[in-house]
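Only one chain is shown below, in structure tokens, and it's the form predicted on its own.
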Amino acid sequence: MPKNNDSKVLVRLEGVSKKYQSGSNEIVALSGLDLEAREGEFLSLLGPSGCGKSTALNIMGGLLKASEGIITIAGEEMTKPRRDIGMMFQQAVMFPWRTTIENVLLPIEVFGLNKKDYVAKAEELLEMVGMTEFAKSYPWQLSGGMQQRAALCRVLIHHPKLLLLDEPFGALDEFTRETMNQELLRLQSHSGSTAVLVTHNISEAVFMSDRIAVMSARPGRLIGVIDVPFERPRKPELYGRPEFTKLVVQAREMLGLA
């Protein structure tokens, strides 16, 4: 089912700007970005390469400090990385000396929690993504898609409220990418987490999202928000529906591509 538009806001960015110094030049990556993500929804940040999407995501995750503006998570101002945020990037970054399940359990060790309490959860997540028989395998024995499945399990192992996803399947082939997108939607719906995805793929944004935040070229600003009304679970047949094409055209027009 589509998410309720009255859902409580989990993440809010108000007037967020980010400036970098490059030699004697000042580069403005973001300028006055206002954005919100609601509890349980899937929000995509859509825009051209270099528009500040990843910068905005890293600010939400506490990995970068905004030059101006306020970021709040569940009503609390963001001042540093939080345990209830999970981040996933384009590269899986699996430690080669650890098995799949040991890589999945890594955040539990980092947070100083009792690993034994989370083994069953790790096994459940691996089963959900069809990786049970590879739990004892090492990264070099896995395909790129398998490694990203394991990375997805790793980011979900500690029940994060917020999933921040920076083109996590961008390096995979188209077939594997579509399969992984469906896995991500299924797991995100199962966990109830709020997800924010960075992408410059318009069709992917429409397929994945409850709402799409369309951003301008640098300096990144919010052009507008597209509501995506399709029911869940999403299936590949959606790509062929006229309503899907209409939203793709709307996004292209907002980006100046039509």
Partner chain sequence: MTSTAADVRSRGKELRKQSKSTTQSVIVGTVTLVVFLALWEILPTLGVLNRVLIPTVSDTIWGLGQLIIGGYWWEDLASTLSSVLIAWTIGVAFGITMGVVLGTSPFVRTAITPYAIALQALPKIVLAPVLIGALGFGPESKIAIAVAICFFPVWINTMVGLSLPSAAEFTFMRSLNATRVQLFRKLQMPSAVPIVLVGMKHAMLLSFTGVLVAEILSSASNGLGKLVKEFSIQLNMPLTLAVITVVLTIAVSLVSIMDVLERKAVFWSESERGKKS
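No experiment lies behind these values; they were computed from the predicted model shown. Positions refer to the first chain, counted from 1.
One more form of this protein exists, namely the form predicted together with the partner chain; it is left out here, but the text below deals with it.
Quiz item: Is there a heavy atom of A120 lying 4.5 Å or less from a heavy atom of the partner chain in the predicted complex?
Solution: Because no heavy atom of A120 falls inside 4.5 Å of the partner chain in the predicted complex, the answer is no.
Quiz prompt | Contact flag, L63 vs the partner chain in the predicted complex, heavy atom cut 4.5 Å | solution = Close contact exists here: in the predicted complex, L63 approaches the partner chain to within 4.5 Å, heavy atoms only.
Self-check item: Partner proximity in the predicted complex: K116 to the partner chain, non-hydrogen atom cutoff 4.5 Å
Solution: Heavy-atom contact with the partner chain at 4.5 Å: absent for K116.
Practice problem: Please run the contact check for M87 against the partner chain in the predicted complex: heavy atoms, 4.5 angstroms, yes or no? | Solution: M87: yes, in contact with the partner chain in the predicted complex.
Quiz item: Hey, of 67 to 75, 123 to 131, 179 to 187, 102 to 110, which bit sits against the partner chain in the predicted complex at 4.5 Å between non-hydrogen atoms?
Solution: It is the stretch 102 to 110.
Quiz item: Using a 4.5 Å cut-off on heavy atoms, which residues of 125 to 143 contact the partner chain in the predicted complex?
Solution: Residues within 4.5 Å: Y138, W140.
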